[in-house]
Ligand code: BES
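Shown next as structure tokens: one chain only, the form predicted on its own.
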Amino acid sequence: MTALSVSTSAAASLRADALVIGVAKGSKGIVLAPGGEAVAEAFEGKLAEVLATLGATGAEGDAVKVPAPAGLKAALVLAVGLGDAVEGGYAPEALRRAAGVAARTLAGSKKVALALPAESAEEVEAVALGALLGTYAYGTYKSNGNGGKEPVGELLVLSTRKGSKDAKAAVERAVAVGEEMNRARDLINAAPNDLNPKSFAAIAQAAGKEHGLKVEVLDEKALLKGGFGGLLGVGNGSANPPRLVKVAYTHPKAKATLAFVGKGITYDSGGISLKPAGHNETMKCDMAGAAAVFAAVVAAKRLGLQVNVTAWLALAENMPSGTATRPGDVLRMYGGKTVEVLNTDAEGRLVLADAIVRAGEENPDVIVDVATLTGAMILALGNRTFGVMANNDELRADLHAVAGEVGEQSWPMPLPAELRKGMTESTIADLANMGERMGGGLVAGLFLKEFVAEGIDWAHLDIAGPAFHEAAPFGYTPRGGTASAVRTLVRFAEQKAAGGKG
């Protein structure tokens, strides 16, 4: 595990495998970011010229290595791009991404010093979190681990704020959030023959024991007794039966109670409505919502937030078999509503519906569900942006703002009343699990809304696009599981703990 700390050591005198500086695109060429002054001095004013000769532009994603000159104790200088030069400080997301690029580029190094802008607590946290996320690599199934390269052994964030309480808190927050995001990434990347509802529940129980969280697991017998028709219907075709897992964190001084509900389809074949070839290969990631809410609650506990937060993990495996739910079957959901299943590949909304009703029985102030729910949301917003829907306009706006604050791309989406009609036209049940084809992501949100108890504020985050990254890594984002929405949930909980509107 990578060690992370703040250091006030002078960059020039610090012994390390590499010293990282930030550069940006200026109107007249490369501009050095604050923090790299000692490096510029060691190059006798020729640093920008050297970097430009080697192809550096200062653009986001740039990473150019230069042998360290005399005057520096580090063996190597790495210049990472921050994008366009700005006055008054770089945005936290620019710092997170640059630090992530540095950590990925320097994999295999024992000690790396980050001389990026880090004078405020916010900057310290951004650099620390980006670097920690950038160290992530998933090598569980590779005989040589991460291609033979270990993550950076030690990261030092260079700042004048080492002894300040806010800097210490910033690093602690970065470590707690970063480690839990990386835990979520591990879960998302795990092969589905290893991660099933039972083993996921066991991981949650182990984390609960480690961090002092209350964990309750409903197995298939308890689900049957309780009438959880959605979870049972989706999981009925699999040899791995479903689970509903409750992970609860409470604080004695809490003034707000939150429920985070996560879709946890550990593998989604589509069921009887089988997915076509080319659409199955990454369906191990269909539990990314459950991973996100789980990670967020553990992070809340590690940070000691003065808020009550419960994660509900709706876990099932959607497989075709002789016992699988068929198109045309009717399920009686937890709470009594009946649903005609028209498409067994619209299964996420079924398990979430059960969990939302159960979460509502505990009267939280807010329910936020997180799910890789619809391909329609990817068509609407692309691969890096999640949709935000809610039964309360202010809550929707708050979550969108929170996501932007922590560097996650989101977009507020409507819940048009006219789209509800298609789901309520079932001739044999209260609802159908499908409605109009156009606006399918919004139809899914409207379906979930039907299961929210009156008087409870509810929001739905459809993370289908950003949950699993199949292209080349960028910034602090690796290939594979990303832990999308974790930072948004944690920040939302922090604001509720502080008495904010969200």
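Note that the coordinates shown come from a computational prediction; the quantities given were computed from them, not determined experimentally. So that there is no doubt, residue numbering starts at 1 and follows the sequence shown.
One more form of this protein, predicted in complex with the ligand, exists but is not displayed; see below.
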Discussion item. Just to confirm the contact call: exactly one of 196-204, 344-352, 177-185, 125-133 touches the ligand in the predicted bound form at a 4.5 Å heavy atom cutoff, so which is it?
Written reply: 344-352
Discussion item. Just to be sure I understand the contacts: of G83, G375, G335, G153, which is the one whose heavy atoms reach within 4.5 angstroms of the ligand in the predicted bound form?
Written reply: G375
Worksheet item: Though the ligand is not shown, can you say which of K275, K168, R384, H211 has a heavy atom within 4.5 Å of it in the predicted bound form?
Response: K275
Worksheet item: Can M434 be called a contact residue for the ligand in the predicted bound form at 4.5 Å between heavy atoms?
Response: yes
Worksheet entry | E317: touches the ligand in the predicted bound form, heavy atom cutoff 4.5 angstroms | no
Worksheet item: Within a 4.5 Å heavy atom cut-off, is A254 in contact with the ligand in the predicted bound form?
Response: no
Fill in: Contact flag, A397 vs the ligand in the predicted bound form, heavy atom cut 4.5 Å
no
Worksheet item: Using a 4.5 Å cut-off on heavy atoms, which residues of 261-277 contact the ligand in the predicted bound form?
Response: K263, D268, K275
